[in-house]
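The form predicted alone is given below as one chain in structure tokens.
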């Protein structure tokens, strides 16, 4: 069977980064197509008619939507190499729990850090730091969330790290001061080729966030 893999994505998306990392962990060749989210391609609208969002993974003409589902799909289809989810059912359930925690908590809280001001921003910053501390507590002294092996929860979270300097700039706090173990984990993840190739430069993301803030947040 031929393996035609296309990824419709947008470079600063922490969700798209997950799919990029998972594909590279498995050594899957894929065609990356950058989307203009203000002028979405007909292919994106055709392949994700419900949400009309990136990332969209197209495997042999069939779409898989939602980044965390894409990571699971990639793990199941290319199961011969670099397992992403643990083989033990209980450990797998735990990994899914923490990925779900990240999906339900991180995005809204981080957005308040850079896209609001005043009391709302302070509340968002407090919530965001609390979420990071909860995740750091789960990480503990382990190299990765699953222990010695880079995996599902690491992939779910690491894309946010490239936005950390933007959060620090607009939220006026230091992730490293608040969560030193999580910062060490970020540095360890970035040593992996799959991660380093999939994450944009934090400076570029900060520029992008500055532009968004100028556009959407009235001073």
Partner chain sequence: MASGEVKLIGAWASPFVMRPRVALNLKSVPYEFLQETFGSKSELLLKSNPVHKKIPVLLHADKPVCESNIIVEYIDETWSSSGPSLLPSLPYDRAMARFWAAYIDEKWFVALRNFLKAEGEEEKKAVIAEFEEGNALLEKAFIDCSKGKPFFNGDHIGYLDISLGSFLAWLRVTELAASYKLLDEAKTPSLCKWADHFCNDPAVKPVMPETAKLAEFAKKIFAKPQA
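Note that the structure is predicted; figures quoted are calculated from it, not measured. Positions refer to the first chain, counted from 1.
We do not show the form predicted in complex with its partner chain, though everything after this point is about it.
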property: Interface stretch in the predicted complex with its partner chain - options 121-129, 142-150, 107-115, 72-80, non-hydrogen atom within 4.5 Å; result: 72-80
property: All of 178, 200 and 206 with a heavy atom within 4.5 Å of its partner chain in the predicted complex; result: no
property: 4.5 Å heavy atom contact, residue 194 to its partner chain in the predicted complex; result: no
property: Interface membership of residue 66, its partner chain in the predicted complex, 4.5 Å heavy atom rule; result: yes
property: In the predicted complex, residue 62 touching its partner chain (heavy atom, 4.5 Å); result: yes
property: Partner contact for residue 133 in the predicted complex: its partner chain, 4.5 angstroms, heavy atom; result: no
property: Stretch 98-121: residues contacting its partner chain in the predicted complex, 4.5 Å heavy atom cut-off; result: 98, 100, 101, 104, 105
